[in-house]
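Next up: a single chain in structure tokens, the form predicted on its own.
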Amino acid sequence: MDTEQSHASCLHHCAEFAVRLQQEIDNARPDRTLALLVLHLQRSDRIISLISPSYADVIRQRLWERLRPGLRDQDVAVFASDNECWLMLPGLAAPELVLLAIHRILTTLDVPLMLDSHSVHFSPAIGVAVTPVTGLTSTTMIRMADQAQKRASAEHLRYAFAEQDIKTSLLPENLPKLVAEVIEANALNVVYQPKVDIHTHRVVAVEALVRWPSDHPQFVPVNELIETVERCGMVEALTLQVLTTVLRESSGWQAQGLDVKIWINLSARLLNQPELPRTLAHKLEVWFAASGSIGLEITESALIRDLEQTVEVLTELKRLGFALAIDDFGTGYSSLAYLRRFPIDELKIDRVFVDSMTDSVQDEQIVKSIVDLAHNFGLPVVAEGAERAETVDMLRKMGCDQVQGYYFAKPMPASQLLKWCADFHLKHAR
């Protein structure tokens, strides 16, 4: 989708939008895709917006200025309410472009909107309906997208499609084969998000995150990539490729003086493989890397699939020198037995609590309880998803050790990390 010199329009009335949508449905070509997106914003400033209508108008205008460059001339939008926007994307040359549009919108909304002294954050959920669907009307299409949006919100998803078969049709039919080819060609990208010591403002670690190659002719969202890898038994191949990329790229940082631990996500499926520790250790030997330079993050739910096997594998990984962390802590079972039985080095608080802790007393109490719990077990704690200064300030006062989130930095390629860290350390040394 061409994003340059966009003149996409934003209508003032939902009725006018519905008329335009019906016209597009009636005139839709069979070889083109029409997409309707219902974007629920879940804004952090909704109370202020309700109290001050003029403030709400300014935010709506600023938000449209943010969204507009990512749309085409023929795209149309309307604000159904201060917290909801409908977007019509007609005449898409390929159904895959719907996913690309969703990705661009979500990326745009990941960055807080600044207005005077207010920092407006969004937790968006998008419902999507696409043509062709037999007997479709504008009212039906809007209702389908709205129901999909509500399902996405209820299930804490970033987006959801109105029909499962529609969603599937937007992805390449040969997706497993495509993913396998990309992995075999070592073409996946890895980006890194810094973890900052909240008290010293030093970058102490980074998390490695896999991304679909940006120059690939097909677009595959990260969640679809991971789902396909899990479903088709390619987890080990993916993990080893990520580890290889990490070891290759980090050797250049170390040569230039950046010595940070690199954390990699470990799939639940891999914890069922007794040979996993030996496989990872061999990869380190090939690159002459110390196991202490690599940390492995495991989600809470992964720990209980096969308790005995998990304890055995984690104990061996620990013996080999790998650091271990429980990721998304607080969203699963949060059993104290984990901290007693598993050789864990670090707890990581899930972003769902961190993001809303400034607005929710309950989430604030959950975060504080996890920080205290971790420290009682002698473990450092990391808060992910910190995007606001007030959030970071609260975490600092709670005694949280490290912060990972957009407040400090987005994930970035290895080519940018060294300079970013140098600039960040210079800034906070003054």
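Heads up: residue numbers just count along the shown sequence, starting at 1. Since the model is a prediction, treat every value here as computed from it, not as a measurement.
Although not depicted, the form predicted together with a small molecule is the subject of the following passage.
Only one of the listed residues (L113, V182, V220, L209) places a non-hydrogen atom within 4.5 angstroms of the small molecule in the model of the complex, and that residue is L209. Contact with the small molecule in the model of the complex, judged by any heavy atom within 4.5 Å, is made by just one of V352, L97, L324, V242: V242. Using a 4.5 angstroms limit between non-hydrogen atoms, D363 is distant from the small molecule in the model of the complex. For G385, a non-hydrogen atom is located within 4.5 Å of the small molecule in the model of the complex, even though that partner is not displayed. Although the partner is absent here, D328 lies within 4.5 Å of the small molecule in the model of the complex, judged by heavy atoms. Interface residue remark: I226 is counted as part of the site for the small molecule in the model of the complex, having a heavy atom within 4.5 Å. Just one listed stretch, out of 101 to 109, 262 to 270, 67 to 75, 285 to 293, contacts the small molecule in the model of the complex at the 4.5 Å heavy atom level, and that stretch is 262 to 270. The pair R151 and E230 is looser in the model of the complex: their Cα-Cα distance rises by no less than 3 Å compared with this form.
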